[in-house]
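Consider the single chain below, provided in C-alpha cells and representing the form predicted on its own.
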C-alpha cells in the first residue's frame, strides 16, 4: 500500500498533540516554572583530560542569592550513573575525562547570579595528555584513561574458513568507511524542574525515554527509596536516544533537596553540545569477496567505535553494529571483530538506528562496489545473496519468520523511481552540464527490541474510570513519534471505542505501570501486544458488568462508540459513565486489567542477538552540482515490511522524519572535534537539513502481510527510515559522477569539477 491520506481507508488520524506543537502552544517540561524556584547551573571542565587538584566553592556560597554550591562530597549516595554500567560521575572527584564533565553545580535566585556563582568557583587542574583518536587509544603506548586500559568493549562473530573463501573469490573489494559524530539536535534541549515536597518526596519533571530507569538511578544517587521519587517524563520535545540516559536530573535533584526549593535547569545549546550524547563515530574496514556468479563467499569486517570517556550503552551499540555488518545476506564465511575505545572526545551513546546506520552504510557500499566489478545490476546482486524466510538471523540465531526480505526487494524492483535508471536523459542536462543525476539503492534488515540477555519488560493497564473514560496507562513516552495517536487508533479498532471515550496516561511513574523503555523500535509493538492480551479480559469485564446493570445476557451486548450497545443492531443501551456509576452504586470493584510480559527474544545465549526484524528497501535520486560539490536528493522510495500499519499518518511521518535525519548524516552533519574540544558549538556551524533539503518526494510502500498464524503483530519502524538512505545516496552519487564515497558526511570537494563556459 502506497501510504497517503487517500489510500488509508479513513484511518488517517490527526495527532492530538499536533496543533500544540506546530503553533508552539504545547508546554514541554522545560517550560515549567514555579514561584520561589531557583535556577541551577553546572560547572563543567574546560579540559578534555586533567587531574583535579583543588575545588573551592566558598566564594560562590558567600554570594547573596546563591543557595547551594555542590561538589562530589555533597552526593549522599552513588556518585555515578549509567543505564547499563554506572561509571559516569555525577561530579568528578579527582579527574575529568572530557569537556562535558561536571565538577560542581549551583542553585541561585536568577540565571545571571547562577552564572556569576559558577565563575566564582575555583578549580585547579593539572592537564593530562589527550586521547582523541580511538585507533590510537587502543595501542599499547597510549595514555590511559583507566588503569585497566582504553578498550571499553570487544565483540566478534566468525564462521567458516575465511581464507579459503577469499582464495576462491573471483572479485574482492577492500574499503574503509568512516561515519560522523552526529548530534540529536532536538528542539528542546535537556532540562527540567525539580520539586521537593513537604513529605520528603522529590518530583522530577524532566524529559526522558524511560522514567522508571531514571527513578532507579536517582534513587541510587540520592540514597533515597524509589517510592519517594516521582518522575514525570512527557511530553518531550524530541529525543532520538539523546535523553535515554540521565543528563541534568542528578544536579536538579541534588540542588532541590539541598535547598528545599524547586530548582530549574535547562541546557543552552552549547551545554547540550558539550555534555550531551552523540552518535558513535565509527571506522569500518571491510573485505568482501564474491564468486563469478555473484555469490558472497567471504566477508571480513573490523569496526572501531569512539566511545568517549564513559560507557552509556556503548557496548550494546557495538553489539548491534556487530550484528548488522553481517546483515541480511548469506556468506560462505564471515570474520567480524569490533572494538569500542575510550577517548577524551565527547560522549557517544544511544542514537536512532543504534549502530545500524554506520554498519549498513559500509555493508551496502561493499555490495555496490562488488556489483560494479561483476558488471551486474546492484539490486540483482542483493537478490542472489538475500537470506530466505526460514534462514537464521545474522548471528545464526532463530528469528521470527516473515516474507519481508523478498517483499521489499520486489517492491523496489518494480518502482517507478528504480525504473528511471535506464532513462538516457537521467545523468546530465544539456543546458546545465554541471548538474549530474543518479539513482542508488540500499537494503535494510533492522533488529527491534533490546536483544538477548537484556531485561526488556513490557505491559500496560486498562481501566474504566469513575467519569466513564477508558484509561489506557503505559510507561512509554511521547517524544514526537506519534505514540498517543497510535495507541488511540489501536483502542478504537481493537475494542470499538470512540476517540472521545479514551484517556491516554503516560510518562508519570506515580500512575503508570513500568512498560520498559521507549527505545529500540519497540513501543508500538508492545502496546499492540499488551492490548491484544487485555482485550478479552477487559472487554469481558465490561460486558459482564453491563449485563448485571441492564439485566441482559452478556452475549447480547457489545462494546462500541460511547458505551454498551446491542449486539444485534448496535443500538446504544448504556454509556460508559452510566456503567461506571452503576458499579460505584453497587460497591463493586473498579474494572481494571493489567498485563506484564517481556519483549520476545531468540532462544540463544548470545547477548544482544535479535529475534524480530523489520525490512526496508530504499531508492533515491540525487542531483550533484559539480560546481559546488553539493548533493540534493530529489526523490525517495521506501519499501517497508513491518507488519500491519497501525497509524498511517504516524507510519509515513516516521519514515519521512527518519529519512530527514539520514539526509543530515549523509550530507551535512558532523560535530567536529579537535584535541578533545568541539569545533562545532552551535547550529550556525552544525547544519541540519531544512524543509528545502527535504523538498523532494518521499513515497512509502507499506507491506503489511505477515505469515498466517503470526502472533507478533506490527514490527517497529521508528528507526527504519533513518538507516538505509545514506548508502543509497552514496551509490546514487557514484552513478551520477563515477566517484565513490566512503566517508560521511560527503565532502563537496570530492565532487567538484572545473567547467569552461564558452
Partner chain sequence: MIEKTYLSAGRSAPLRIRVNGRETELDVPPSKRLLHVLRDDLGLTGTKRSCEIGRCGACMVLVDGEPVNSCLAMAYQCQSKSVTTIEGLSEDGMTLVQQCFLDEGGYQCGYCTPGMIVSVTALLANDPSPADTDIQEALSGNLCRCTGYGGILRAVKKAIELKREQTG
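Keep in mind the model is a prediction, meaning the values are calculated, not measured. Numbering follows the first chain given and starts at 1.
The same protein also exists as the form predicted together with its partner chain; that form is not shown, yet it is the one meant from here on.
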Checklist entry - Quick one: of 322, 234, 649, 312, which gets a non-hydrogen atom within 4.5 angstroms of its partner chain in the predicted bound form? => result 649
Next on the checklist: Give me the residue from 366, 488, 189, 519 that has a heavy atom within 4.5 Å of its partner chain in the predicted bound form.
Outcome noted: 189
Item to check | its partner chain in the predicted bound form: contacted by all of 268, 660 and 669, heavy atom 4.5 Å | outcome: yes
Next on the checklist: So in the predicted bound form, is its partner chain close enough to residue 683 to count as touching (4.5 Å, heavy atoms)?
Outcome noted: yes
Checklist entry - Closest heavy atom of residue 713 to its partner chain in the predicted bound form, within 4.5 Å or not? => result no
Checklist entry - Going by a heavy atom distance of 4.5 Å, is residue 750 a contact of its partner chain in the predicted bound form? => result no
Next on the checklist: Considering non-hydrogen atoms and a 4.5 Å limit, does its partner chain approach residue 185 in the predicted bound form?
Outcome noted: yes
Item to check | Partner-facing stretch of 123-131, 237-245, 143-151, 158-166, counted where any non-hydrogen atom is within 4.5 angstroms of its partner chain in the predicted bound form | outcome: 237-245
Checklist entry - If you look in the predicted bound form, which residues in 11-30 sit within 4.5 Å of its partner chain (heavy atoms)? => result 12, 14, 15, 18, 19, 21, 22, 23, 24, 26, 28, 30
